[in-house]
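We give structure tokens for two forms of one protein chain below, kept apart as structure 1 and structure 2.
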Structure 1
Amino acid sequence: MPPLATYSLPADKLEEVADRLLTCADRVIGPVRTPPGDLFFDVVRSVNEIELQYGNSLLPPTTALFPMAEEIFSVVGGTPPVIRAPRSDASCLLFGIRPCDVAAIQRLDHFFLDGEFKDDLYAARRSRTAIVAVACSQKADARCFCSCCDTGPFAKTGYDLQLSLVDDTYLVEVGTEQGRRLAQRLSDLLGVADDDLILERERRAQELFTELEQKGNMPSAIRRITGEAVSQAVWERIGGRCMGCGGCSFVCPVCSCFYVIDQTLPDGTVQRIRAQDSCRLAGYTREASGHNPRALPSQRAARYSYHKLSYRYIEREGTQGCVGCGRCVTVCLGGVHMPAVTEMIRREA
């Protein structure tokens, strides 16, 4: 979908842009660097805290919309007891997220908002969140494989504003009416984006797209998984190397597995908590009777891969369950991250 408007921005004005956007929401979340050198998306209060030169963070910025843990509601004792739902009218701006994470938010939007039931907590946060994306002018990280998923190097939809660096100028694209309002705050910094700038961004994006490493041949894996042509031996090989830590799910910006528990506080209030979970963990599918339909690592490996890559899920969700961010490559101790799995499936063929 074409942007609503395009502008140019001198590259040396990016810091001023970030500074102005800090006043556009109650909470601004951007890339920050910790003293040991790790990169995270966290609340920023000063432009000096924002890391403007970075690859991908270890944890995805999608936790601003789908937290690792959150209260669904609480019940306060009394006659009758009172049910309290958490409410917050605070607005949020996600600044500097990469196109792969923009695509991941679109996947989460579909999961939480487009089904028969809409998730009220997610919907409330999402309606108050603006997205300012920074496209990849070079390979963000050695582990990236967005070209396999068609999610980069720049976002086609899903952003409010997107900035793409071309030499010493940013191409600024407005994707929504909310993005147009943000652009108005920057109007004295923005200039006209001529056709040459737009065409050069397209040319460089295509050049980078072809340079990005093709990992594992995902289309081949999708065909074989959909046709149930992957042998049990492959799943057992993958399951045998899986450490069962769930790390791939917890850093994945697309995964949406969760569990729900009730806990009683010292004052007698009962909280219902939702927390992120992983289908790679042994207890995820264990039933109250003790029976576990996917007790073996090989079964859980197959289920995870089917949900990510089977065309049956692609038909339902609109796209595959992977955006090529490479975070699973970083954390998988057994070397059975998504590119490795697709490669093992392809090699069997």
Structure 2
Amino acid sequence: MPPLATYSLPADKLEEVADRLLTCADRVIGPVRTPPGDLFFDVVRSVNEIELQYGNSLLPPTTALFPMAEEIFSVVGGTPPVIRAPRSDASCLLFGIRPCDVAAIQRLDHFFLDGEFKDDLYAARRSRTAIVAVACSQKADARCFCSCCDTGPFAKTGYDLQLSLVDDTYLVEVGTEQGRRLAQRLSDLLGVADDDLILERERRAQELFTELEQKGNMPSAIRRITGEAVSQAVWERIGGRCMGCGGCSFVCPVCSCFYVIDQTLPDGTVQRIRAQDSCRLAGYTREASGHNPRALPSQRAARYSYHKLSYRYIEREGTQGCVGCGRCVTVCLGGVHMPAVTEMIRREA
């Protein structure tokens, strides 16, 4: 989808843009460092907290829409009980997220919002969230591989505003009406984007795209998983190495599974909570009778890959379930993260 409008922005005005955007929403979530030095997407209080040169954050910015844990509702009283849904009408602006994460949000949007039922909690947050993406002008992280997933180095859709650095100028693309309203707030800083700027961004992105590794593992894994051509032995090898920590799901911007529990607070209020879950965990499918349809680690490994890469799901969700952010590479205790798995599958062929 072509952008609705394009502008140029001198690179040294970025700080001012960020500063202006801080007032455009109740909360601005951006890349900020903790004092020890870990990068998280968290509430930005002042512009100088924002750090745009980051290796991918360990937890994805999608946690602003689908948090690690959240309250579904709480119940008070008993005769009869009264249900209180949490109010979430604060607006939010996601600043400085990468194209791969933009692609992940698109898939989550499709999954949570389209179809027969929509997820109210996600919907409430999403409808009040604006996305200001920053395209990658160089490989962002030693572990990422957007080129294999066609999600970078810049986003083609899914953003409200996108900034792409070309030398000392940003190309500013407007993706939505919401983006247009944001651009209006910045109009005095924006200039005209001439064709050269657009073409040069295009050229550099192409250059970066080819420079990034093109192993071709991903398409071959998609084919072989869809065709059920991956041998049992490979799943067993992957399952055997997996230590069942669930980390690969908790850090994946695309993963959407959750479990639900009730917790009773000291004052007697019952809080129903949902928290992220992982199909890699043995308890994920274990039923009260003790029966577990996916009792073996190999079965769970196969499920994880099937959900992410089978064409049957790509059909259902519109895009594949891996955007190439590389986060699972960092967290995997067993060394069987997405790139390793696609590699193992291809090596077998």
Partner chain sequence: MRGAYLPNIAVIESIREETPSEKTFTLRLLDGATISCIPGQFIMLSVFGRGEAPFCVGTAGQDMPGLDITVRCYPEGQVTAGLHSLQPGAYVGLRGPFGNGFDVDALHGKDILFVAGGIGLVPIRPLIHYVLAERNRFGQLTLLYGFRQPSEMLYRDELAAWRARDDFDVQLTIDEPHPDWEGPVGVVTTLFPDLQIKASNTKAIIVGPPVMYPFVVAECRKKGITDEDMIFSLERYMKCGIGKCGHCAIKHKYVCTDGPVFTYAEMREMAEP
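Here the structure is a predicted model, which is why all the values come from computation and not from measurement. Residue indices: 1-based, along structure 1. We call the rigid core the largest set of C-alpha positions that still match within 1.5 Å between the two forms.
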| said: Quick check on the two chains I just loaded: which one is the form predicted alone, 1 or 2? | reply: 1
| query | For residue 187, is the C-alpha shift between the two structures 2 Å or more after core superposition? | reply | no
| Rigid core fit between the two structures: Cα deviation of residue 78 in angstrom | 4.0
